[in-house]
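There is one chain below, alone, in structure tokens, taken in the form predicted on its own.
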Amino acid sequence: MAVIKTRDATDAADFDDAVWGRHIFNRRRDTSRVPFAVCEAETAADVVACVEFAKKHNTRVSVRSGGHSWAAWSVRHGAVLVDLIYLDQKEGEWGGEFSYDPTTKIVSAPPSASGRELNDFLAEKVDAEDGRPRWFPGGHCPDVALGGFLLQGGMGWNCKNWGWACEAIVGIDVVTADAKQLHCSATTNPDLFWAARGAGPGFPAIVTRFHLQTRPLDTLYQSLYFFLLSDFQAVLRWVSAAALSADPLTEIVVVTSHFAIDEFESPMVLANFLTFQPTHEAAQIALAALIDTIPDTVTPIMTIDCEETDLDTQYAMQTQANPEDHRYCVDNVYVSNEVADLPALLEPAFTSLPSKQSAALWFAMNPTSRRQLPDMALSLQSDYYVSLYAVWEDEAEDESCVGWVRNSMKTLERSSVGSYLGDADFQARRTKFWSEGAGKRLKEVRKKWDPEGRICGYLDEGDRSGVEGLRNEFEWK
């Protein structure tokens, strides 16, 4: 049965823990936002009861799957926070109950399950035909829950080649804003199914179950090349060109950060190539095609060549890059394919990190970015995804760290086509998240399924977006 904790009838410390506690990842928090109640749902029927409770008290509903959103979208002033962390939870375990159909290779999972939890479950589901385990390319960070990740589109593992994670959604179970349980697919309630793939927190219902098409998991191999920060332009010029003809099983990233390497104190540039291959020989061929094109003008400080790795190791690396109990400010852009000089445009932001934990990331998106997207709300992309992660511990550094992100975005937005919902903060700036057509259609779907604005939607400045949703326009461009 759902546990409902109201603000006025719950011990203040207990209520604060239910609101923020371990569930909210970012330690930089706006504690002036105080929900009316927190409803901890264990079943879909509990979610219905939570929505009915909100209707009875004439207040809005916010939804939390994992609490990893940088801006803590689930915490809304005066709303009933429906916390899904316990939804369908198997006794004694986090992540909820999973089910897998070996015939269709479809897995069913609750929105509060993380990508790591899902893949731990799938690791035992070995395909009888090819002998490979199944997996799902969820979030790179192991504790990112499926709910927010998939609703935002899902920039998952090897998204560059396999496409957006939300494209693997074959069905969802939801509770609507008027407290009805529905199943949605391409043929049943197709407008909600369309919106679920890219609407983000503006999805006008509460997902209680995802049904996802899995993939076969090959062995992972990785090559890492570290360079001096002064080599940034040359490295990005090399990698961005090499990415265009790279093996389609290879993910390609360039990052600047202070890496945990004892002999180097200053930030460095990392060219990261991760490939999913059936054999070591195939991996060597795929990675050598990239490495052989390193220009003579730069020399790596340190290299790791075609080393076998696995998901657990990759998740550990991501955890190190995104430490808990830290303060975060994050923003992103899809840089236009037409930009004249990408390395020169990015260099000021990528070489001026405000703290040792901060990082700037460039993610290659071609060829996914050049194909026609399926008919879904997610409708913006480009060849170049750029995200800035200011990460720090001391509140006294707020101004400098937030300032680095905000000031960098003022420049980058002018060369962008829009942004990805997953690394955004709607309170910080306006930008485009959908094409013009998809943005208008999303408003219509939201008004149809939630005409009263029962579900909070987008946390913009002042939390005023309501039924209309975001304006889908640039702040500065």
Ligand SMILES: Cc1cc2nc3c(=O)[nH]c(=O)nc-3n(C[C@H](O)[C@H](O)[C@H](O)COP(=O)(O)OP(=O)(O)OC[C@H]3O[C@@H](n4cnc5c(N)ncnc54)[C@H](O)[C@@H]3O)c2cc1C
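Please read these numbers as outputs of a predicted model, since none were measured by experiment. Numbers for residues come from their place in the sequence shown, where the first is 1.
The discussion below concerns the form predicted together with this ligand, not included here.
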Quiz prompt | Contact at 255, 332 and 343 by this ligand in the predicted bound form, all three, heavy atom at most 4.5 Å | solution = no
Quiz item: For the chain shown here without its partner, which stretch in 440-448, 410-418, 29-37, 56-64 has non-hydrogen atoms within 4.5 angstroms of this ligand in the predicted bound form?
Solution: 56-64
Quiz item: Which listed residue (377, 269, 145, 390) meets the criterion of a heavy atom within 4.5 Å of this ligand in the predicted bound form?
Solution: 145
Quiz prompt | The unique member of 327, 211, 140, 134 whose heavy atoms fall within 4.5 Å of this ligand in the predicted bound form | solution = 140
Quiz item: Does this ligand get within 4.5 angstroms of any non-hydrogen atom of residue 354 in the predicted bound form?
Solution: no
Self-check item: this ligand contact at residue 201 in the predicted bound form, heavy atom, 4.5 Å
Solution: yes
Quiz item: Any of the heavy atoms of residue 25 lying within 4.5 Å of this ligand in the predicted bound form?
Solution: yes
Quiz item: Is there a heavy atom of residue 227 no more than 4.5 Å from a heavy atom of this ligand in the predicted bound form?
Solution: no
Quiz item: Taking heavy atoms and a 4.5 Å limit, what residues of 301-339 are near this ligand in the predicted bound form?
Solution: 322
